[in-house]
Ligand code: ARG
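Heads up, the chain below is alone and in the form predicted alone; it's given as structure tokens.
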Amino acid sequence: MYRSRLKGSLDEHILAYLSSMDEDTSLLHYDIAGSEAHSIMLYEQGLISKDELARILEALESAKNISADELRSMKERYEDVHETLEAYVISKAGMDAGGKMHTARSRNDQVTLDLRMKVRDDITVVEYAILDLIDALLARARECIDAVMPMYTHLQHAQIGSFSHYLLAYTDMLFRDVDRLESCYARVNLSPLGSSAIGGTSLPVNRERVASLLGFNGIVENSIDATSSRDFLLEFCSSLCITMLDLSRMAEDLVLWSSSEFNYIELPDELASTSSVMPQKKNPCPLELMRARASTVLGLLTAIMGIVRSLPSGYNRDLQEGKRIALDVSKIAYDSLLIMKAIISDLRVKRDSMLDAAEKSYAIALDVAEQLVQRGIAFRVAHRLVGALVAYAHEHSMTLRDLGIDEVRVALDRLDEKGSLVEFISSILKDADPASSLSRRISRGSANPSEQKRMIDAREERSREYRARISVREERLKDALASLQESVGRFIKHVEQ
């Protein structure tokens, strides 16, 4: 339909190579809304008549009934959803009316418009999915404040903590993911329409009016920037990539902790797979795939950045590939969030196994050293003393609590430490259990149970505040699009009368 200069039809193999119709099925709704807003603006600016507008809008409303299968079948004739929709409108409204719909716009600003509308909707959907996961983490955290376990650095026992404390760490990471998407939304929610191919138009368009009709907060002002920049897609994909990395790290922990060696958690049967040959197997396959798909998203982010990196200014067809990538990244992230929420909500926490590991661990060593510091001993000295105790206990297959006064004396004699500290250290070790370790923590954000409760309360309120903000934003957009639909209905009624 666009081949005004070129002779004949596009070669069928080239058409298939150029076509984005498979991805464009998800953009039809946005292309219709954008075309309706643009057409109303053309009428208000005196560029088309009221009757022509009504006929265009009637055809566009009819296009909403095109099925995904019908749309995909049209890829044998058209390159993308934009050409398909325009051809459909012309077939319904006639060339004298439908042929005017594309006045003062290009596919360049049109495709960017559709992508921005799609991405802003996806941001909202993903934000809610993240908050749903956060709420699941908070609910389990509240249940698991007293679920004592070792915490790890370098995959070695580091300090005594709780499963609640662990879950809250990922809650805070996910809140930052929502922050990034909120910030991204503000830059996405700007209209590029009216920029034409690259340099604007000599026709009297009202870009701000179109932006308002479609619920945008404003316009991307520079026409080159509006049609050829994809930094909003890079930012969106980058934000989701960070979310996937958070999920992947969590998945790695849960895979390890569900193993027989750790035995800290167990996935419900409906969220696990089994072996084709080993009947005893209960494999955490959804979590393993989540790790892999985080790598997939990382690769897709690299791909879209590579596409943009090598382009000159202005629209280039390379940018079409960015559409496919952004849609794939969005779907992977959303699906992964749903899966992780289901796992967190239903996994079994094996408190006894966690506590047993904590009680046998030397992770209480720092707490012992800090009690010595409270007596006035320099931390580096306390570090050396407790290190000697751990070395002796390890050599004799004992825990620190197993060390009696005689063992403490022998361990400290190795350091030429005499009498005065032996009884004091022995009394510390006698009471050095995981629960008392946690109760002594006083720093903000620590694993102390009272601090856990405070953080859970604060984060539950924070989640409600995020939801309220997103809801306000969502309602504003719904109101704008509902108003657009009312306007469309009024103009169509003009034809019927």
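Heads up: residue numbers just count along the shown sequence, starting at 1. This one's a predicted model, so the numbers in the text were calculated from it and none came from an experiment.
Below, we refer to the form predicted together with the ligand, which is not included among the displayed structures.
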377 to 385, 278 to 286, 393 to 401, 319 to 327: which one contacts the ligand in the predicted complex at 4.5 Å, heavy atom to heavy atom?
319 to 327
Give a yes or no on whether every one of H82, V111 and Y315 sits within 4.5 angstroms of the ligand in the predicted complex by heavy atom.
yes
Although the ligand is absent from this view, report whether R107 comes within 4.5 Å of it in the predicted complex, heavy atoms only.
yes
